[in-house]
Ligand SMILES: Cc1cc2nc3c(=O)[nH]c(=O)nc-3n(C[C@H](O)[C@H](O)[C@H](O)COP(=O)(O)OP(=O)(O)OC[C@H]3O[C@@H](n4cnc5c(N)ncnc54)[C@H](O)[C@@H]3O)c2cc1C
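A single chain, nothing else alongside it, follows as structure tokens in the form predicted on its own.
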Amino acid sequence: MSNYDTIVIGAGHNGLICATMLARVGQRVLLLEANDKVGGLAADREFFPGFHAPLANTLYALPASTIKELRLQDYDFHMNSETLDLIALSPNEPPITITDQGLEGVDAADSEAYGAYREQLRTFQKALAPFWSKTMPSIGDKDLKALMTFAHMGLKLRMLGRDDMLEFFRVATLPMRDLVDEHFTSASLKAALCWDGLVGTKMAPRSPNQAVLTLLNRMAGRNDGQHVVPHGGMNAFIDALARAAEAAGVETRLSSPVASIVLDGDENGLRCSGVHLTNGETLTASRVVSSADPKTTFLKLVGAANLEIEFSNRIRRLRCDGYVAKLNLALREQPVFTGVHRPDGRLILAPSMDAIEFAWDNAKYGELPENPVMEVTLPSVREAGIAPHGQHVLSANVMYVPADLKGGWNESQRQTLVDRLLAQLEQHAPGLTDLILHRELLTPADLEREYHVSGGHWHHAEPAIDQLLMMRPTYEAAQYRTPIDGLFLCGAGSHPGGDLTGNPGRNAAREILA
């Protein structure tokens, strides 16, 4: 039996960040990870000897303030200043390239509209940016700190000016389709611009929800949401976080899955006092912080029997069905994509918003997409160490692949999906199939099993308007504290949500130390 100030469950990037911040102020912190390496979905993955492809291949939403606060440069982490172009591919239109400077391959009207579109989004992003790294007060909270946060938000929006403020309230809840339809004419351009608001979610271009807010959250990253492959690849980011945790004094134990959270009860209610590991060991602590998803934390580790019934029902109703599959290909040489000079950006294979919508329709009914849409990167073009010399990794995020497939996942269904994906890739890179040395398909069901994420959802819970801000994951657990004294949340299921921002981990640590 050991006693710690804090035990953190899960060594993904949020767990690492939270543990480091707590240890730096003198706490004795234990970080427990079920897998044999740290990093969660961003951990290095050698899917074929010499070929590496973590689930997250790029950084785009990581704020510069997080890098500075954690002093990641001291641990050899350096963001690449060169961002990845976004390249829209379509059999019906020539390739369109979206760069930091503007658009290539479109008419003058779309090119001019893009500047105004990006400037408007940047304006809105700057107004919201401070609140992704703050605890969002609960509704009705009249504490001075809460009132100051609400007042600050109101002031930032008011400072937009009357016209921009009104436009923000109109745009913030638009479907992505309506937003891009207002500005552009090219079908493949509109599909590509939709992508960054939709990827990782259960929404389509027409979905009447908050994809624009998700896009603005991502734009709060260091390069306005533009994707980069950091020097040394994604493994350099996770390695820097792990080294920062070690330097702060965090004790990390791998291959140590938690079976349950220890609870003690009296007339004042329940209190968390430690964890039971699956190996039978019990560890005690003054508090436990979970970076696991909310369903795992409350329904598996705490247990519904220990929760008030209305609260447990809200947790059960959280929408966390994963909709993204991952295809990794080990290639004997670099493929040639038609019309693309060098495939070192993000290639969007979605010819139109209707194509995205049709793939979503298939998934909605538990079916495989007949014509899959995907985002393709070749990270080995920029980071040679990811693959053997002269060979390459192709990694694709495939949207609208349901975790709960009708009839269940089997080898036949997996092969059908792979065949459809390769057929789509062949349309744009003829001969690519002949270059394949090895292929790996990870469905949302695989992500759930291998990474211990309910539903295999990237963000632990759908980033929908009723599961965001002061409602994420649900009230009574939306300020990183939970109904159980001594139990906190710090994962992607907390405000502000998923992606590799580190904000949930950083915010939770600040809340604990407040």
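Each residue number is its position in the shown sequence, starting from 1. These numbers come from a predicted model, not from an experiment.
One more form of this protein, predicted together with this ligand, exists but is not displayed; see below.
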Legend entry - Contact assignment for this ligand in the model of the complex, among Arg45, Arg481, Arg28, His452, heavy atom within 4.5 Å: His452
Inset, instruction - Name the residue from Pro257, Pro430, Gly366, Gly115 that puts a heavy atom within 4.5 Å of this ligand in the model of the complex. - result: Pro257
Legend entry - Residue stretch of 458 to 466, 481 to 489, 64 to 72, 45 to 53 approaching this ligand in the model of the complex, non-hydrogen atom distance within 4.5 Å: 458 to 466
Legend entry - Non-hydrogen atom contact Leu301 with this ligand in the model of the complex at 4.5 angstroms: yes
Inset, instruction - Evaluate Ala11 for contact with this ligand in the model of the complex, applying a 4.5 angstroms cut-off between non-hydrogen atoms, and reply yes or no. - result: yes
Inset, instruction - Would you please decide whether Ala34 lies within 4.5 angstroms of this ligand in the model of the complex, comparing each non-hydrogen atom pair? - result: yes
Inset, instruction - Answer for Met471 alone: is it within 4.5 Å of this ligand in the model of the complex, judged on heavy atom distances? - result: no
Legend entry - Partner contacts for 492 to 511, taking this ligand in the model of the complex and a 4.5 Å heavy atom cut-off: Ala492, Gly498, Asp499, Leu500
